[in-house]
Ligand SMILES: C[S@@+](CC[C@H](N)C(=O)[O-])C[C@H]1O[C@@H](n2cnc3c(N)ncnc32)[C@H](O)[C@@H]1O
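In structure tokens, the next block holds one chain alone, the form predicted alone.
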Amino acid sequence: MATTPSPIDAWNGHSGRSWVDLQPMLDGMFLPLTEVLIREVRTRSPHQLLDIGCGTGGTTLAAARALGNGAECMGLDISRPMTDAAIERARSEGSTARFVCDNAQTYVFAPESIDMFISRFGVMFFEQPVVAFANLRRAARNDASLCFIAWRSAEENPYMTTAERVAAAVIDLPARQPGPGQFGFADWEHTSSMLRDGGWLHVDIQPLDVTCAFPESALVSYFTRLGPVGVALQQADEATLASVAAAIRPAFDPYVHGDEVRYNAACWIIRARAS
């Protein structure tokens, strides 16, 4: 059985490079979720904002555009390829957003310096979530707020596991491990407990369901580059890629509508306050 690389290794290797290569498609696909976060940002109007697990910078840049020059927006991510891409995007856009490649769990923030924390699928990979949330709490001003989006369970997101369910019959896949990972915050009671243990108050967790879409022409690249299947195929030759893609592609037919792929993203929107 293939093994799953550590999050840091994965995001600085194949997974990070794949997200950079597919950035336009992924930003478009997750746009409805980004818009949810930006509505929260506009409501709070923070002066110092941190985007946790910012990836290639889409949410950070959107927050900077929404807030204008009166706010400082920083994106933090463990992936060097992704933060490098985010820095280049900010430069091209003329954005004041800045990006740092580091781990939010251990990064030394200025105490009581940040008044809003956001994240789109960036917090589920903390190796020690309580330690990470405690570190963020120390960086929070007394009136700071936290708002992030995380996946609910795999069972509620069948689209997200379609490729690996089919591919498991034809290739050796890394097993999903319990704990940190894509569905690591599926249990809302456990997630609430982790936040409270990390020093956050007024935790509010609500279901969030949105329709995500992207061009059908990108579908094969999507499922052969990302997730457990992407990890398993990163060293595959062209013949293997073609045969695996041919085996998997029909399983996505229920999600294909003309020239578009559409699916429901079953998530949590999670809010908390510093005091």
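As the structure is a prediction and not an experimental result, all values here were calculated from the model. Start at 1 and count along the sequence shown; that's the residue number.
One more form of this protein, predicted in complex with this ligand, exists but is not displayed; see below.
For this ligand in the model of the complex, the listed stretch (195-203, 134-142, 156-164, 97-105) containing residues with heavy atoms inside 4.5 Å is 97-105. Interface membership of residue 53, defined by any non-hydrogen atom within 4.5 Å of this ligand in the model of the complex, is confirmed. Contact annotation: residue 122 falls within 4.5 Å of this ligand in the model of the complex, judged by heavy atom distances.
Although the partner is absent here, residue 78 lies within 4.5 Å of this ligand in the model of the complex, judged by heavy atoms. Among heavy atoms of residue 82, some come within 4.5 Å of this ligand in the model of the complex.
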